[in-house]
Each structure stands twice: as C-alpha cells, then as structure tokens.
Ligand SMILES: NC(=O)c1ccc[n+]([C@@H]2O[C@H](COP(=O)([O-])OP(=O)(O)OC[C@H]3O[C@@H](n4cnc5c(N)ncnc54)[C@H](O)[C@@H]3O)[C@@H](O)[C@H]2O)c1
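What follows is a single chain, given as structure tokens, in the form predicted alone.
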C-alpha cells in the first residue's frame, strides 16, 4: 500500500478528509449535503456567484432541498461555498458534477467537463482522489480526465486516484436519496477503486465494477432503458387514441402482472438532464466502433416528436370551437419536467411553447414551482407565472397540462376552463371532464 493511499484511507475513515464538490446543481448540492451530514467538511465549488452567495448564507436555491439543513451545515462549518479554483487544492476528494449536454447536432458537448478537467489539473496534488459523476459516454474518465491529471508527472493509482461513479439523483423523490441508493463505482486502478469505495461507503452501499468504462456504461444503460420504454408507451398512446382505447387503463391492468413487466407512462415528451440526453452519448461513441444503435435512435425520434403531437392535439381541440392556433390564448400549466420540482432542464414544455408561439398563439404559463422562466441553452421566454384564478382560466381558449403538480386542483381547472389539453392523464375520473378535455 502506497503512503498516499494509506493516508487517504485513514482520513476517510476518521472523517478528516475534505470533500470538494464541483457543480452545485441538482446533483452536486444534495451530494455535498450528504457528505457534510456524515461529518465531512465539504467545499462546494460553482461558477455561479448567486449559488455560492446563497449557500454561504445558509440558503437553499433548490426548492426540494431543505433550507434548514443547509443552514445547519453552514453554521456548523461543515459546508462552505467556494468560487476560486485554488480552494480545491485543499480538498482530499474532488467530485465533478458538471453538466454534459448535447449540441444542436445531438452530439456530446463536453465544454464544461473539459474546462473543469483543466481546472482540476491545475490544482491536483499527491494524495487526492478525483471522481467524475457527470453522465457521459464509456471511456470519458480515462480518455479525457486521466491524460490531463497525469500530465504533470503524477501517477494514477500511486500519487493520485481517479474513478467514475454515476450520479443517481432523482430530484423530488422523497423515498430514495444518496443515503439509500446504491452507488456504482469504477476505478482506473484497484487502488483507485478501493479509496472510492471507502469514501462512498460512508454515505451509502457501493456496487464496485471492474472499470470506469463499465461504470459509465451502467449509467447509460439505466437511462436508455427508461428512454426506450417511455418511447414505447408514447407510441402506443398515439395508436390507442386512434383506436379509442384508454392506454392508462391498459397500463394499470398490465401492471397487475407480478413478473416480466414494469409500468411506464406516456407524457408530452422527455425532460430532465439524463433521459433525453444520455442515450445519444452512447450512440455517438458507438460510431467509433462502426456500430449503429438503431433502437436508441428510434426511441429518441419518438420521444422528441411528442411535443409536436401535443401541439396537434391543441389545434384539434381548438377546432371544436372553430378557432385556430393563430391568435388563441393558451395557458401552459407547468414547465418543470416532472411534478413537484423546480427543475426545468430539457422540459418538453419549452418545445411545446416554441411551436405554439411560432403558430401565432398568445402564451402565458403558471407553475407554482417556477415563478419566472430563466433563459436556457435553447430557449429564452421572458414570462412570469400568472395567478391561477377562475378568471384567468376562463379567459383562455385552451389550457395545456404539461406538468401534473400536486398543487393543481384539476377539478377546478376543468370546471373553469373552456378547453383542457391533458398530457398527463391528470383529469381522469373528473366528472364532466370528457366534454372539455382532449387527451394528448
């Protein structure tokens, strides 16, 4: 056992290791909190001064993350925000949780990861552990991070340690957190794996795999599995509507089978940072091996097409009243990609809004979790959430349910709205809904 490995394992065991988390978003902030709760001193690094300022004041800027917990950990000195790269030199264990989006051509955009790799390479010292948590294609850890971190002469597995452990954060899920969700871990060397397992064993159960590539592929499999199955029910939803069959009834009936079936539910399209993006990382990498991931591409095409299908249903509903999309007042209910969170990353609601606006609709929106729309990589709607009053609902030509937040009173929405386009089956079993609702 090398001296660096021995010292790091000792620090991890007695909780004197300093944990650094780069990227304090929906993955990084909860991860930082979990390590701080286990007694580690945590440095949270982010380029956004608003996040760092809020963190150091003991405030949570993510609604489903407890502000009281943030305050407690900041007050006890176990959690601190940092905005200088040099601060990371103090960290014994650095976890990278930066975005890995797609370009407009549906190819990996590794600009955030590249800049982070250069930053860590500038501060790395003997005895440090670096873990990539950002979802990416198999090979990223060893092809992108390793050359940069070892360029100064440090040897991986002896002087420093490098691993990949995919994030498994599910924003808003109250049943599963980093404390009870097993963590897949792959190291560049056996020593890298050992120290990484030791670190994550402090907060949860670990699942060691043979390599960083296997760990990277594990995350891609998890999300591709969901993408393909959601594409299946999205396609069946379109067919079921034409056949006059309630697909949600069918899914509930199929879910009674105690083996060989897992229920997935259709919606307006895919959202969040993982499922709409990660399968395309694997498809892109597969080209190096002269392999075409046909099923992944097909699933992606189906899911990407769902916002267009919703717009078609809006037009169909307006036709009942001899109205066109052009000039119609349309209220969007929800822009978060799923219920009861303030996460709007890759939300299908934005694609729906863009198409409706291009067709001349007058748009407004309500989302109790997102009071103001922020510019994204693709969209820039300068809108503020409007009050959801009976008068507001009655003024609209159509109300489109994109996110079925628990805060919404769908009985009242159906009662006061002229027309509801329901993409989430949220109005099922509401008396009188059949005459006012178009299922999309």
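Everything numeric here is computed off the predicted structure, so don't read it as measured data. Positions refer to the first chain, counted from 1.
We do not show the form predicted together with the ligand, though everything after this point is about it.
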Tell me which of 371-379, 411-419, 23-31, 389-397 has residues with heavy atoms within 4.5 angstroms of the ligand in the model of the complex?
23-31
Within a 4.5 Å heavy atom cut-off, is residue 46 in contact with the ligand in the model of the complex?
yes
Since only the chain is shown here, I'm wondering whether residue 278 would be in contact with the ligand in the model of the complex (any heavy atom pair within 4.5 Å).
yes
Does residue 345 make contact with the ligand in the model of the complex, using a 4.5 Å heavy atom cut-off?
yes
Test of understanding: in the model of the complex, would residue 237 fall inside 4.5 Å of the ligand by heavy atoms?
no
I need to confirm a contact call. Of 116, 227, 128, 196, which residue comes within 4.5 Å of the ligand in the model of the complex, counting heavy atoms only?
116
Could you spot which one of 211, 100, 293, 218 gets a heavy atom to within 4.5 Å of the ligand in the model of the complex?
100
Residues of stretch 375-401 in contact with the ligand in the model of the complex (4.5 Å, non-hydrogen atom)
none
